[in-house]
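Provided below as structure tokens are two forms of one protein chain, presented individually as structure 1 and structure 2.
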Structure 1
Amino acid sequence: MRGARRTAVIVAFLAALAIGAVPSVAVAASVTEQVISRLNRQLLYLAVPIAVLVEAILAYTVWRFRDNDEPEPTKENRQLEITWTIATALVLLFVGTASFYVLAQPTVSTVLDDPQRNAEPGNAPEDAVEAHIVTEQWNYTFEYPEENVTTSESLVLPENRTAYLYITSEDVIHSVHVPELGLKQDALPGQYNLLRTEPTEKGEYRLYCAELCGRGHPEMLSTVQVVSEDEYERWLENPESALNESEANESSANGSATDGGP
């Protein structure tokens, strides 16, 4: 009995140590990334103690029976079998429930209320940003139909505002992937696929193609710029220079503050 308690204490300590060693998670840059990261953390905190427990039992068994040259069949223990069957069922129930909850989120699921084939542009809510991401070997074109703006420089989105991104391709299959925002969606010729999200942190995020699409695939890169609402409105009025002027003003202000220091 004392040995069993000692083993339980050691297992609990190792599990706590393993969980404590998990690196802290940075602030999510979108609501999509937020719910995905939360699910990953939940599953990690569940998996680490289980893994430590299994490895601890394995190590103890190897050490305990290291000199047993005449092993005997394990005695039947129905209570133990029922216990680990119920425990396994509870773990799987939690994993399934948590996963389906995340998949049901509008900012995660690619399935609309209507079938996916009806994901035609123009159905975004009035207060949402509607943008079309048109892919082709090996470039992107970003269209804002309601504002009559088209650019190939960068996808610009306002902070804390829902965005409906309609994705299509002009030639072969591509895949739009923005890891830091938790976004990934295939771009298919002759079809629109929808991504819904809400950026929550201003910044510049890497956008790249995640589907092998030819010899220029490694260079098929772009960026997503998340800016304030005011800056977004200024950019719509002058897409060619508004963001560059803003960045230049910020750099100038930082330089002046540095020069004016003691």
Structure 2
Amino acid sequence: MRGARRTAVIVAFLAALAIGAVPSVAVAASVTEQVISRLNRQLLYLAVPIAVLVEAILAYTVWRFRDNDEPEPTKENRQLEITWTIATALVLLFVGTASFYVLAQPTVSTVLDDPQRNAEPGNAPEDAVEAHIVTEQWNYTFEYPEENVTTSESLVLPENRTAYLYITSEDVIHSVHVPELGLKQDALPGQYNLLRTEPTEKGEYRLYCAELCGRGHPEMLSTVQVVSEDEYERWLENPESALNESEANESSANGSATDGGP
């Protein structure tokens, strides 16, 4: 019994330590990232202690009953079975509910048949930025149809404004993966997929292709630049010009193309 208590203390300590290791709240770079990483943290608070607990029970069992002199025959215990089944189900029910609430948010999901027909390009609301991301082997082209701007340099978005990104592919499947903004959406040929978000932090974020698309796949990289509203307006006037030094680093300094891809 003493052993059990000591183990309990150790487990509690380990669990506390593990929770401490869970990444602390960072500044969210977009509303999407904010809700997803909050959900992820909630799940980690649950999962890490459970993992530590089960591993600890496993280790304790091995240590305690190793070469045990008084083994007991196995006795079935229905109640125990039912208890842990229900306990697991409850934990997963929580995971499901918490995930569902995040999933249902417009910055995370798009309902294809919504009445505003937002899922189709050209239907972004007035106050939002509409940009099209066209992928092909192996580069990205960013089009701002309302502004008549096309560039393959980087996706420029104003801070604190909703962005409607319509994503498609000219050839094979590619993907738009911006981990720091919490964005991921496959680009499929023959259809547009909508990604909605609102960047909340100025900066430059890496954009990766995350669907195997052939030889150039690991080099199919680009950037997302989140700039202030003023900066954005200025950039739209003259997309050839480099962005403000503090916001864009050397990678975008060598000018931008103005027409859609090669």
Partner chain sequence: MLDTIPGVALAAIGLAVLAAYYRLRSDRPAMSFADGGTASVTVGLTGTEKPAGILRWFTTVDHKDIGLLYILFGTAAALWGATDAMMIRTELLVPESAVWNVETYNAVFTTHGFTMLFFFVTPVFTGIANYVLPLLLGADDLAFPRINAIAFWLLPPSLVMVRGGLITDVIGMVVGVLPVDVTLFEALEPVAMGWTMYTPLSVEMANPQISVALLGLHLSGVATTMAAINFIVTVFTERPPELGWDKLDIFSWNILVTSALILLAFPLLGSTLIMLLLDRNFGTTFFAIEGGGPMLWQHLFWFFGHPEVYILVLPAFGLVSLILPKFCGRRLFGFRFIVYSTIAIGILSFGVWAHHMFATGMDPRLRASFMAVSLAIAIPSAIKEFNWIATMWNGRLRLDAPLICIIGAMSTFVVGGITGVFLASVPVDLVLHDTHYVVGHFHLIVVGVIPLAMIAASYYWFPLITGRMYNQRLARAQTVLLIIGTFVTFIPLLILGYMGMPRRYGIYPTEFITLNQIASLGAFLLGVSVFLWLVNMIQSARVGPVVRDADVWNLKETGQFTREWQWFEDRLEERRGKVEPEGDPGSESETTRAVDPDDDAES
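Residue numbering: sequential along structure 1, first residue numbered 1. Because the structure is predicted, anything quoted here is derived from the model rather than measured. Rigid core: the largest C-alpha set superposing within 1.5 Å between the two forms.
The form predicted together with the partner chain corresponds to structure 2, not structure 1. Comparing the forms between structures 1 and 2 on their rigid core, the Cα displacement of residue 83 reaches 2 Å or more. Annotation for residue 103: C-alpha shift under 2 angstroms between structures 1 and 2, rigid core superposed. Residue 38: CA moves less than 2 Å between structures 1 and 2 after rigid-core fitting. Relative displacement of the residue 73 Cα between structures 1 and 2 on rigid core alignment is 5.3 Å. At residue 92, the distance the Cα travels between structures 1 and 2 is 2.7 Å after the core is superposed.
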